[in-house]
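The form predicted on its own is given below as one chain in structure tokens.
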């Protein structure tokens, strides 16, 4: 059996743990097994850059962050027939039985394209944004929640000591799952996510309310993809032009300026950035990655290709790639977590 493996898109906790789960499970079931690890994601598959991997390559990596194979965002932005042909050619040249792909939304679009081109694909859901369609949870998500929550916890002590407004900008361009969960876990007073456009007047009102209640500080958790009510009514072209004119480095700084423009509150911004997806996976993700990886091996053994491994109602299942590609799992406004947050007084700036 010959298996190809690659990690694509942004790195996150659990990539190595998941590859370990796939490889160790296959090694325990297949006598004659060769695993080819493509270097730097799809770029390695296109360029034919790979390394043969043995059992030893998958030892000691359960707790290791990042990816031992490297990653890149190729070829998402400019997909061409030549790139697809190159990937197919290298797949066939090595005589692969299956290609195991670990990645997020862009990665799965390409994975499904390769499936449509006749390649045997099994994929695994990697993203701290938890926005992949078809699975209740992605690996890396819970580890990132731990990091983001820790940042909010630490900001709390400073905000309390100085009586300031603090904005913590959390990753999530199109989906607010990470900001929502970290905001609730960290005790944020206001949570702003892409799915619920914010009104700066409502944010000011919430801060003023807290001030009247003798609460001299406020913590605002903001997703990096947050949009205002005005922006939500714009066309894509109008929105792009508006953001190009934005002078602040990110949305959190803009919201800070907007708050200070309509009030006398002092605002500070903290941006943990890539720290959120770095480092070792937490215990939950280590278990999840192992479960995902061993199930991927099961699909390979059974030749059930063209599927993404996911979780539904606590069970690991196969989800057809055709159902996953191009779909985004967003936070619904009536999600139970949203309702729970509102019930304890958290504002969403709307």
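The structure displayed is predicted, hence computed values, not measured ones. Positions refer to the first chain, counted from 1.
The same protein also has a form predicted together with a small molecule, omitted here; what follows describes it.
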Open item on the list: I need the one stretch from 128-136, 201-209, 159-167, 113-121 whose residues put non-hydrogen atoms within 4.5 angstroms of the small molecule in the model of the complex.
Closed with: 128-136
TODO: Answer for residue 171 alone: is it within 4.5 Å of the small molecule in the model of the complex, judged on heavy atom distances?
DONE: yes
Open item on the list: I'd like to check something about residue 277: if you look in the model of the complex, is any of its heavy atoms closer than or equal to 4.5 Å to a heavy atom of the small molecule?
Closed with: yes
Open item on the list: Under a 4.5 Å heavy atom criterion, is residue 258 part of the interface with the small molecule in the model of the complex?
Closed with: no
Open item on the list: My question is simply whether residue 88 lines the interface with the small molecule in the model of the complex - judged by any non-hydrogen atom within 4.5 Å.
Closed with: no
- [ ] Quick one: from 195, 224, 189, 146, grab the residue that has a heavy atom within 4.5 Å of the small molecule in the model of the complex.
- [x] 224
Open item on the list: Only one of 268, 243, 73, 215 gets a heavy atom within 4.5 Å of the small molecule in the model of the complex. Which one?
Closed with: 73
